[in-house]
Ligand code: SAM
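A single chain, nothing else alongside it, follows as C-alpha cells in the form predicted on its own.
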C-alpha cells in the first residue's frame, strides 16, 4: 500500500512499452515513412496505445472525433478499437498530411472507418454529419492539436458527446511543465494546457482524471448533459 504515486523512471517506461502497448510493425513503419515524407516525428507514445483502445472498447465506442491527426498514428490506433461500421473523423489541417493519412488508412484496411477532414477543424467540423444530428452522437473526442485552441474544440464538440462518452486531451502534463507558474519552454502552450485541464476538472458534466502515460492524457467521462 502506498499513499504516494510512483515516479515513472525510464526503466519503468520501458517496462510499460514492452508489456502494455499495442504498437506493431505497421505503426512503427508508419512513423518511419512519415519522417521520410517530411512529416514531423510527433505522435502519442506507444504506451498510450492500449490505454486508448481500452477506453474506447469499455464503452463500445463507434464514433470518434480526433482533432489533430498529423501522420495518422493515433488515428489508426483509435480506428482499430472500433467495430467495422465505426468511424473516426480525423481532422488534419495540412493537405499533405491528410493525403498521407488516407494512404495509410487504406493500407491498414481501415479506409472505410477513417474519414479524413482536411482543413481547420473549427471550420470543417460544424457541418459534419456527427455534429448536425438532433441528439448527441459522438462517443469519444481525442484532442491533440494546437494547444491554445483546445478549449475552442471543447466548446464545439462537448454538446455533441453522448452521456457515457469520453473527452480526452493529450499533452496534459505539458512536457512536464504543467505545474510551473513560469514555464521554461513554450509558456503559451503550457498555460493553455493547464487552463484546459482546469476547465475539464471543474466541468460538472464530467468525471475527470489525468492518466500519466506519455505526456499525460486528461480524460473526462460525460456523466450528465
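Numbering follows the first chain given and starts at 1. All of these numbers come straight from a predicted model, not from anything done at the bench.
Keep in mind that the form predicted in complex with ligand SAM is missing from the display, and what follows is about it.
Can you work out which of 93, 128, 80, 102 has a heavy atom no more than 4.5 Å from ligand SAM in the model of the complex? Selected option: 93.
Go through 36 to 44, 195 to 203, 182 to 190, 154 to 162 and give me the stretch that gets within 4.5 Å of ligand SAM in the model of the complex, heavy atoms only. Contact-bearing stretch, as computed: 36 to 44.
Can you tell me whether residue 111 touches ligand SAM? I mean in the model of the complex, with a 4.5 angstroms heavy atom cut-off. No, residue 111 sits far enough from ligand SAM in the model of the complex that none of its heavy atoms falls within 4.5 Å.
Does at least one non-hydrogen atom of residue 172 fall within 4.5 angstroms of ligand SAM in the model of the complex? Outside the cut-off, so no.
Verify the contact flag for residue 146: yes if a non-hydrogen atom of it lies within 4.5 Å of a non-hydrogen atom of ligand SAM in the model of the complex, no if not. Yes, residue 146 is a contact residue.
Evaluate residue 106 for contact with ligand SAM in the model of the complex, applying a 4.5 angstroms cut-off between non-hydrogen atoms, and reply yes or no. Looking in the model of the complex, residue contacts with ligand SAM do not include residue 106, since no heavy atom lies within 4.5 Å.
Determine the residues of 58 to 83 with a heavy atom within 4.5 Å of ligand SAM in the model of the complex and present them in sequence order; the list may be empty. The stretch 58 to 83, when checked against ligand SAM in the model of the complex, contributes 66, 68, 69, 70, 73, 74 at the 4.5 Å heavy-atom cut-off.
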